[in-house]
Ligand SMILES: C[S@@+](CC[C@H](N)C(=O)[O-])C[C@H]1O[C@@H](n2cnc3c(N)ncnc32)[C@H](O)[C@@H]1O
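Before any questions on binding or motion, here is one chain by itself as structure tokens, the form predicted alone.
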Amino acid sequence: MVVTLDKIQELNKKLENRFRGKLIVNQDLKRTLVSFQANKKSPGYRWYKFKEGYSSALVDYALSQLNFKSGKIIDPFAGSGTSLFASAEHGLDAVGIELLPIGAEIIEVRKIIFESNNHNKLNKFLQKWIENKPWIGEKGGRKINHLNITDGAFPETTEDLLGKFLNAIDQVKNKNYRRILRFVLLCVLEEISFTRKDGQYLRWDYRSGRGYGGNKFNKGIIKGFNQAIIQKLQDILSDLKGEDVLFDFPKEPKEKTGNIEILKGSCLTILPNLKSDEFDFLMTSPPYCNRYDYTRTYALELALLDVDEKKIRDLRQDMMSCTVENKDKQNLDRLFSHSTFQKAGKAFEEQKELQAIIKYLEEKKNNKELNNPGIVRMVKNYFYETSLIIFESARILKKGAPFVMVNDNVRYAGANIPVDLILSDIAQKAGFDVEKIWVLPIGKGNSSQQMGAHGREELRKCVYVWRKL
């Protein structure tokens, strides 16, 4: 039986009717709150621009709305650690899982500063670097590690200063200070380069000399190395000197800040090894099913962290399926318990709206009507892997624990994929109550390709609130 777009829309409507009482337009949730935008001026959070994350204010909001004041929090997709640090500011212990080395490095360096008992000494050290600029006096610079997709990313004078800065770092005796200085460098790589992070890839400015047809992309001002690095050092120093170091605004006085732990690797491999009924709250935002490849967009940072070509390919396959290059993951049955694996697989296979969408996309692929045949595999594996994560999350959460997730709906070949409702349906089978699905007042648009072929349709952007039964 051929699945038509009308059939997809009919099934989606029925699913929406099932959850109609749970879909709540929340006027408090502006786009700035559920994206990095609200972090741009927040002390500590503004240091590194991790565009895929949500704001610390959203964590504050969720904790407040759900009246959560004590317990242990987990974020299976920790990113740059917003959930962890915002929770710790409220006196809550937090555990994060993060696969990308850049995310883990941001968290670990902020944690070094977060837990430092001598900020005055660090302040003096950073002030001295700003005043003396020791890298300028270096006679030679270290050769910068590049990947194939980052070669030529910096103007020649910038790359020379970048190498000298690394040499100057090597001469610092305190290993934590060396790591902090390298972190400062990571924070400015994009603004001193010819590149801009652009969803699925690094976009190159025409001044790089890389030719991409007739479209000349101009990213605007490309900052000089000294200007960018000094400004970033000053930003960090300014935040450290301020009141409530690293904190935007604790909602109420706390006797102590919470402990932060980072587990490096994929949550598909780490979650099954965590204890059952260990956590009181889960808040996260997984990669969206939108083809974004973080190993490409964060390639400059990964190269500086000595990730080589093999490692970046491995990272691309290890991360949750969200790009057309993700292949089927092997041996998932060996990672999860037999019970979890079987139940999650059954919930995935019995989700009829999802299976209809997959069949529709397969038909489009066979008719060569998809702009990339890998979309079918990506969508199928995205939901299959997320099902495993949802079921495993139910195991590690205590009874009554909230599960808060930020995610976007997507659209392929004209088919609106209601990620929020499909995952909520699977969550119910995993033992969660769908308490509410907060919908942003303004949704998101579609790609120009989708709009050109199928018209514009606003897609829901949501924050799911489930609760372990």
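Note that this is a predicted model, so its numbers are computed, not measured. One-based numbering along the sequence shown.
Separately, the form predicted together with the named molecule exists; it is not shown, and the next lines address it.
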Looking at F68, Y61, W438, F50, which is the one with a non-hydrogen atom within 4.5 Å of the named molecule in the predicted complex? F50
Here the chain is shown alone; which of F194, Y384, F225, Y294 has a heavy atom within 4.5 Å of the named molecule in the predicted complex? Y294
Does any heavy atom of Y54 come within 4.5 Å of a heavy atom of the named molecule in the predicted complex? yes
Heavy atoms within 4.5 Å of the named molecule in the predicted complex: does L99 have any? yes
Closest heavy atom of S285 to the named molecule in the predicted complex, within 4.5 Å or not? yes
Does the 4.5 Å heavy atom contact test between G374 and the named molecule in the predicted complex come out positive? no
For the three residues A78, S266 and M320, which mark the spot I'm curious about, does each lie within 4.5 Å of the named molecule in the predicted complex through at least one heavy atom? yes
Name the stretch, out of 139-147, 258-266, 120-128, 334-342, where some heavy atom lies within 4.5 Å of the named molecule in the predicted complex. 258-266
